[in-house]
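A lone chain, given as structure tokens: the form predicted alone.
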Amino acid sequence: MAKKKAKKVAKTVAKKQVKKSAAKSTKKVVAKKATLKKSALKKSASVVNITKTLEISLIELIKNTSAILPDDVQKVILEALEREEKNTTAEYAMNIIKANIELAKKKSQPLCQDTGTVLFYVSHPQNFDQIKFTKEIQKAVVKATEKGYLRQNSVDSLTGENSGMNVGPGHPSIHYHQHNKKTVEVKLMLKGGGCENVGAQYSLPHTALDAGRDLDGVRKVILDAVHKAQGKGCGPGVLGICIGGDRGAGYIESKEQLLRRLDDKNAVASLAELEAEIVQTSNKLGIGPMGFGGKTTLLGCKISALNRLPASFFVSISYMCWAFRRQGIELSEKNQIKKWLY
């Protein structure tokens, strides 16, 4: 009997221990699930915060680009103002430009009513989600338009309809480049319609201008484009030029030349010399600010060259007005603005 009782007690104790152990195990599982859930929520909240920060950073980039000229551009404009003869129409035009720059910065409002085509250039490391980033850029453009930093500028080419949001096929225009840095850099250019309309592309040789397939021929067609643009592109302007490439690549590269600082120097000696010569010669043509005459027709000229087919020799020219709206930011890991690039 004593043995049976002992066995019964042992079984009861064992059952209690199993139940106790199971309860403990269940508590651990529940606690672990709760911790994982909490961690997932934290991670989700963190992702949401980082995404929201990116939107804020992009809107700030758009706002500043629209309202404030970069230092290198302002410096050249002020130097040009000093060169113009006193009490001339050219000096008057340059003083209006100066006043416009100061007023836009003070009021944080667009420098020009035409906030132009919105062009983004994004440099990023490996394993970067371009699709996701594109969606964030589009959201930022919509918000910036709602806030008045951008004019409602993008229309359907077939119907002429304007959605009012600045988003549609090809707009904003976004260009991605992978680089070796770990950081993400976003450059923005706002290019007005007036200066876009006087861009040009030449195919050499150009018989009418006696322009052959050499740098002298390139110089002749560039100066022809400057002459034809007088008074139309809201001068004084800046030229971005590509020698070579195909028709499409040449135009893209010519616009990317406008991302260079005006005070930089071309690494290719022959192109550096040509850049300086184009500015000097253009400023002797007497076209001047807004085509009113004077000593300042161009503020700068930036040239690059791409390989081409033997059968083709294109010179692509992008013109930028004095309201040279170009800015850039470097983002931190949390998508805050770490540094302004211009």
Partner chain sequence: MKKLNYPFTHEAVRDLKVGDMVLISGKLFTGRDAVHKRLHDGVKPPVDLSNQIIYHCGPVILQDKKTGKYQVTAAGPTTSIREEPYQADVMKDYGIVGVIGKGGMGPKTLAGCKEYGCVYFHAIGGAAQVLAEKINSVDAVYWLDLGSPEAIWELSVTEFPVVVTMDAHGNSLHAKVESASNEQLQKALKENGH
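For clarity, every value in this text was computed on a predicted model and none was experimentally measured. Positions refer to the first chain, counted from 1.
Another form exists, predicted together with the partner chain; not displayed. Remarks below refer to it.
Peer 1: In the predicted complex, which of the listed residues (305, 274, 59, 68) lies with a heavy atom within 4.5 Å of the partner chain?
Peer 2: When the partner chain is considered in the predicted complex, the option within 4.5 Å is 274.
Peer 1: With the partner chain left out of view, choose which of 88, 134, 203, 178 has a non-hydrogen atom within 4.5 angstroms of it in the predicted complex.
Peer 2: Contact check passes for 88.
Peer 1: Tell me which of 72 to 80, 122 to 130, 260 to 268, 223 to 231 has residues with heavy atoms within 4.5 angstroms of the partner chain in the predicted complex?
Peer 2: Looking at the partner contacts, the answer comes out as 223 to 231.
Peer 1: Check whether residue 186 has any heavy atom within 4.5 Å of a heavy atom of the partner chain in the predicted complex, and answer yes or no.
Peer 2: Looking in the predicted complex, residue contacts with the partner chain do not include residue 186, since no heavy atom lies within 4.5 Å.
Peer 1: Going by a heavy atom distance of 4.5 Å, is residue 209 a contact of the partner chain in the predicted complex?
Peer 2: Because a heavy atom of residue 209 falls inside 4.5 Å of the partner chain in the predicted complex, the answer is yes.
Peer 1: Please tell me whether any heavy atom belonging to residue 174 falls inside 4.5 Å of a heavy atom of the partner chain, as the geometry stands in the predicted complex.
Peer 2: No, no contact at 4.5 Å.
Peer 1: Is residue 252 near the partner chain? Define near as a heavy atom within 4.5 Å, in the predicted complex.
Peer 2: Result no; residue 252 lies far from the partner chain in the predicted complex.
Peer 1: Check, residue by residue, if 63, 190 and 237 all come within 4.5 Å of the partner chain in the predicted complex, counting heavy atoms only.
Peer 2: No, none of 63, 190 and 237 comes within 4.5 Å of the partner chain in the predicted complex.
Peer 1: Mind listing which residues of 260 to 292 have a heavy atom within 4.5 Å of the partner chain in the predicted complex?
Peer 2: Contacting residues: 273, 274, 277, 281, 284, 285, 286, 287, 290, 291, 292.
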